[in-house]
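To begin, one chain is listed below as structure tokens, in the form predicted on its own.
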Amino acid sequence: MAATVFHQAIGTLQSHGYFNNSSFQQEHGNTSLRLMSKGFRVDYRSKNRSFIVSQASTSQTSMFSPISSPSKNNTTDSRKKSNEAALILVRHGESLWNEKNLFTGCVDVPLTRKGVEEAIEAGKRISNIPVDVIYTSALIRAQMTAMLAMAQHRHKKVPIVVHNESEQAKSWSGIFSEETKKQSIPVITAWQLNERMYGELQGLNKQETADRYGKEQVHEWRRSYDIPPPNGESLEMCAERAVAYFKEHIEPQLLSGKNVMIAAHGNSLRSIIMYLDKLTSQEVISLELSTGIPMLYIFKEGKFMRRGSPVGPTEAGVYAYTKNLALYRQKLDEMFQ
């Protein structure tokens, strides 16, 4: 199933003109697929899925050593000493089921051509903002969005999926070149960042579902905070896992001064924004997030400050750069003149 979804994703990228068949490799058994063309590389492996899309400028290894998180015992000290850090949130680009107006939930559906374009545009919007580590859901549409977005970053670092499933996975996926590590960004996938599970609605057309159950009932399932669809998750249930993961794994990275990007889904990101902006359960249900639109927060002195999303005319005006971000952009200008 994962291989089928991946081939669908590759077909989307090929139709968009990012790849051709001039360089193609495929193996059977445990499945290995590689496509290289027009400055991009896509690697796919299974059974434990790995998916890499990158702009290939120099030869890179496709392995990365896991990053460490600050221990909980040091949280208080880290909070006092924390530097300014950037947090970028981006909902995945349009998926094939978004296009068909189907309830998607946790079904693993790739991006459409429009979704690819949205991911690339999102990458251009954040190309001058530092990113040290990327978190995505376990779903291909979020991972594709992260990879395509980072391919636009001016620093040209290559996103590499981190494998922590077992000691063997950690050992086999380690990078032994310090120079390569400097040119890589770890990508950590987590099911806790998945879209909320829509249960028996997954795969149903939204309009047909409204006709069958009534508009009011479907609206209650979709927009209430604590009422789940049949055999599915409510937003409250989604928030419990997404926010818990954010607090335990992502916030410590920000406390240590790491700049983080999260590529995830409408409901998992709404849940995190509810935590960041201290929204009530009534406020969060009216929060709408467009596909492929990044949102920037600055984390400083233990507080999250929203600095905008790209709806304004200029990047700098939209994001209200801090002094640190302005200096980072200046360094990029000097590096790539």
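Note that the coordinates shown come from a computational prediction; the quantities given were computed from them, not determined experimentally. Throughout, we count residues from 1 along the sequence that is shown.
The next section is about a form of this same protein that is not shown, the form predicted together with a small molecule.
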(message) Only one of P186, G105, G232, G123 gets a heavy atom within 4.5 Å of the small molecule in the predicted complex. Which one?
(response) G105
(request) Answer with one of R241, K206, K170, R154: the residue that has a non-hydrogen atom within 4.5 Å of the small molecule in the predicted complex. (result) K206
(request) Have a look at 111-119, 252-260, 221-229, 160-168 and name the one stretch with heavy atoms inside 4.5 Å of the small molecule in the predicted complex. (result) 221-229
(message) Does any part of S137 reach within 4.5 Å of the small molecule in the predicted complex? Heavy atoms only, please.
(response) no
(request) Considering only heavy atoms, tell me if Q143 and the small molecule come within 4.5 Å of each other in the predicted complex. (result) no
(message) in the predicted complex, does N98 come within 4.5 Å of the small molecule, counting heavy atoms only?
(response) yes
